[in-house]
Ligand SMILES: Cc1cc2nc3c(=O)[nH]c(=O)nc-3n(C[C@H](O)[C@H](O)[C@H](O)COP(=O)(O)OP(=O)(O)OC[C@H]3O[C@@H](n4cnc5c(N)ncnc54)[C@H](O)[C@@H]3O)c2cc1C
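This document starts with one chain, in the form predicted on its own, laid out as structure tokens.
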């Protein structure tokens, strides 16, 4: 098939991947008065059957160990609040906060993270066991020495609705979406499985969990791979009023087991056990995680969960950055036409508004203007300089 070339005299952009990040970039590009070119988004899975954006638990927090992640999510919460105005959709944003519980082994890290967060102006407080029990009487404080509670700007929202809203608005503004798969990435062009070749001034790699595979077609080593996570929808027979109230935060225990309210139910999950987190594992719910890891920890921490029952479940992929668990954003140091926006390790949904704006600014204006994402550039990988995010859920 013939190549598709950019319109004469106009900038052309091809975005590889139409999930939340890719569609946010498309939306922000077409919304920028300084951009008058074309945007083509190539998405191999328009049904979103395996898309991380469609299978996310869709939460947002400020409690990170990396200041730049705090900045990204701070921008994100502001955008989510304005979604009805900007995207024409109510995302059902709820802001009861996050609650991190720490044993003695994790106390030093929790205090260090708290210092970073307070230095960035986050609304976060430390609670000793007595204060924790007074604030959240449904929690057992057994084995807990300290807790960190976000009192504002944290919660959860309808992530799939955000992704679809970005797509819809990007299309309304003139972005083209192609249902196809990139099988070869090259400077200034992509080749699709259909045989079509698309040339562009800029190519943005936002293929989520499969970004590493796409980059490999150009001989680029990108440490991003799919890591499976299971989410369980839980019914609790008789939750106490304090637990059932709308003020229940997303709670993470010392072992990494987490839960949060979702309508009349709860969502829960955990990080797989060491040695049981292979790259590219089938998208099959790991029910043994509920039996062996999630339910025992929940029942011990929240007595009401002793009678919990799983009523639904799903599995999704993290686009896992094995290098340092942070996003990889910015131009390739040797291929000027290639920009990365991937590897967010479970934080992509909440960071998609800020990353989309930042990458659009980089393309249109040649530099970041709203948030400087240069610390997350690819150069840190080739130089072996990780910026480790320690607060990964």
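Keep in mind the model is a prediction, meaning the values are calculated, not measured. Residue numbers count along the first chain shown, from 1.
In what follows, reference is made to the form predicted in complex with this ligand, a form of this protein that is not presented.
Student: Although the partner isn't part of this model, could you tell me whether residue 326 comes within 4.5 Å of this ligand in the predicted complex, counting any heavy atom of the residue?
Tutor: No, residue 326 is distant from the partner.
Student: Any chance residue 181 has a heavy atom within 4.5 Å of this ligand in the predicted complex?
Tutor: Residue-level check for residue 181: yes, a contact with this ligand.
Student: Does this ligand come within 4.5 Å of any heavy atom of residue 51 in the predicted complex?
Tutor: Contact with this ligand, yes.
Student: Against this ligand in the predicted complex, would residue 364 count as a contact residue? Criterion: heavy atoms within 4.5 Å.
Tutor: No - in the predicted complex, heavy atoms of residue 364 and this ligand never come within 4.5 Å of each other.
Student: Tell me which of 356-364, 27-35, 43-51, 332-340 has residues with heavy atoms within 4.5 angstroms of this ligand in the predicted complex?
Tutor: Stretch 43-51 is the one.
Student: Which residues within 17-43 place at least one heavy atom within 4.5 Å of this ligand in the predicted complex?
Tutor: Going through 17-43 in order - heavy atoms within 4.5 Å of this ligand in the predicted complex - the hits are 17, 18, 19, 20, 21, 22, 42, 43.
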